[in-house]
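As structure tokens, one chain now follows by itself in the form predicted alone.
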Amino acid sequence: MRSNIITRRAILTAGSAALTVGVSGLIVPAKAQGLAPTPTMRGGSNNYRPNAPIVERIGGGGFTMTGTVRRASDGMPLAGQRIQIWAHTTEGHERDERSHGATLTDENGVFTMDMPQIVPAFGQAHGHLASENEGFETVFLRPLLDSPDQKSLTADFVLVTV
């Protein structure tokens, strides 16, 4: 025989469900949580060129650099953020102007740049990226490839407002 006694657990469960659904009956989206900001990496700014042009691709392509840009305070993706990319590639050294280019993030905070294959410089195959955007701290990254044969690299940014 079941008891009609309302337990504390039943009240808490029902109350939580009511708060989640809300008065309108629609599910309320969860608020994004803050994320730890991306620290600048040592050596990331080597051969940086302020205001590199926004380009469709760097050189002949064959390697893909991609990533996301989010705001640290709430984790929201940031559209229209400028990301500069450069590297030592099969077509030029990382200090060469033709080895630099910038792109903008899309509405989901995603950026993609096609560029020549990254090759080792100073014993390591690595790329360089800079997030240089008004209202946010500038961040420089220098991620390493797992192998010189790798055809893509992902680098994500979490930015702090200034």
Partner chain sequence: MGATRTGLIWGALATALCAPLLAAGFSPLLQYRQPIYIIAGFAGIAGLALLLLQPILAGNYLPDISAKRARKIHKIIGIALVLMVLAHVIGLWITSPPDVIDALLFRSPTPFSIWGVTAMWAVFATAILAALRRKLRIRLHSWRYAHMMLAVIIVIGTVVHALMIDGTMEFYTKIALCALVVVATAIRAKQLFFKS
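All values derive from a computational prediction rather than experimental measurement. Positions refer to the first chain, counted from 1.
The same protein also exists as the form predicted together with its partner chain; that form is not shown, yet it is the one meant from here on.
Shown alone, this chain has one stretch from 133-141, 65-73, 99-107, 39-47 that lies within 4.5 Å of its partner chain in the predicted complex by heavy atoms: 39-47. At a distance threshold of 4.5 angstroms between non-hydrogen atoms, P120 is in contact with its partner chain in the predicted complex.
Heavy atoms of E94 reach within 4.5 Å of its partner chain in the predicted complex, making it an interface residue. Proximity of T112 to its partner chain in the predicted complex falls outside the 4.5 Å heavy atom cutoff.
Its partner chain is not shown here, but in the predicted complex it comes within 4.5 Å of a heavy atom of H88.
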